[in-house]
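There is one chain below, alone, in structure tokens, taken in the form predicted alone.
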């Protein structure tokens, strides 16, 4: 659905953009997301997935969220299987590159329990970019040579008014809420991202609200010492949650790599029985622990330390 830009502008003017502390708990941040909300998810595949926030939303019992992400991994499976989302827009839906196309996605879409809406990677990025720019659409050529576009009634083919060439228009994406995980930010929400930013900058500017989870909260003075690394400004952010290992078992560049043993075991569990496997995983790792710290205990100190060792070794010469 194309957003009403007069309403978007009104909502933007109504927001509190002041420089204020926004630190809260995972549970408090989850309360900012309503059932049926549209949710943009930062990162890509296994990289900087806002897993702690997704974990908190599932535990809070959120239902029928419309979720959008550039490339979706097994966090999408947990959203489907828990009922937190029944409609996910992305360009690729897998368990992670080495484990192949998601069996849960196939199970839930083939049985009509959920919808996987596929766009090209470029299209997802341009839809967030249009949302960030405050325009209702952007032109592109991607997808014109495939049958994907014919399955998407929201697209439009036009003749370019300058060249006469065919172009495809894709509508803006303006999520109600964006969930983004970063390496560090201050209490106001000035966020610094190391490594690839993916679509997170556009996502943050396109969304009506932004919830940041961060590996650590640092002082504003530290942020000011490297202003070029600040990718998301405080005026776009509504909540800051300190969540160490907040992407685990996925990775956070420069800090830790994926927990491959855990993900291998998860993939094997899903291969044996997708329905029972994901149910058992949710019970043990999402509904069972009483806090994010208890969840990390279940992942195990040995695996977390190994992920940390591999993640920090990228800086070694």
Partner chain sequence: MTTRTADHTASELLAVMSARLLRDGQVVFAGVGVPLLAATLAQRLHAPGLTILFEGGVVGAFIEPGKLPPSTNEQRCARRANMVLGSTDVLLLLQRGYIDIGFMGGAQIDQYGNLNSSFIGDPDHPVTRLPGTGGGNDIASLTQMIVAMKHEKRRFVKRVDFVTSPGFLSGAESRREAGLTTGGMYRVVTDLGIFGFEERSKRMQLVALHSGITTEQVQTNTGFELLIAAELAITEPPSEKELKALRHLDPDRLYTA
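Positions refer to the first chain, counted from 1. What you are looking at is a predicted structure, and each value in this text was computed from that prediction instead of being measured.
What comes next is about the form predicted in complex with its partner chain, which does not appear here.
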Even though its partner chain is not shown here, does residue 109 get within 4.5 Å of it in the predicted bound form, heavy atoms only? yes
Contact between residue 209 and its partner chain in the predicted bound form at 4.5 Å, heavy atoms? no
So in the predicted bound form, is its partner chain close enough to residue 224 to count as touching (4.5 Å, heavy atoms)? no
Residue-level contact is defined here as any heavy atom of the residue lying within 4.5 Å of its partner chain in the predicted bound form; does residue 144 satisfy this criterion? yes
Answer with one of 245, 188, 137, 116: the residue that has a non-hydrogen atom within 4.5 Å of its partner chain in the predicted bound form. 116
Going by heavy atom distances of 4.5 angstroms or less, which of 29, 46, 68, 52 would be at the interface with its partner chain in the predicted bound form? 46
Quick one: which of 274-282, 287-295, 53-61, 246-254 gets within 4.5 Å of its partner chain in the predicted bound form, going by heavy atoms? 246-254
Residues from 58-97 in contact with its partner chain (non-hydrogen atom within 4.5 Å) in the predicted bound form: 71, 91, 92, 93, 94, 97
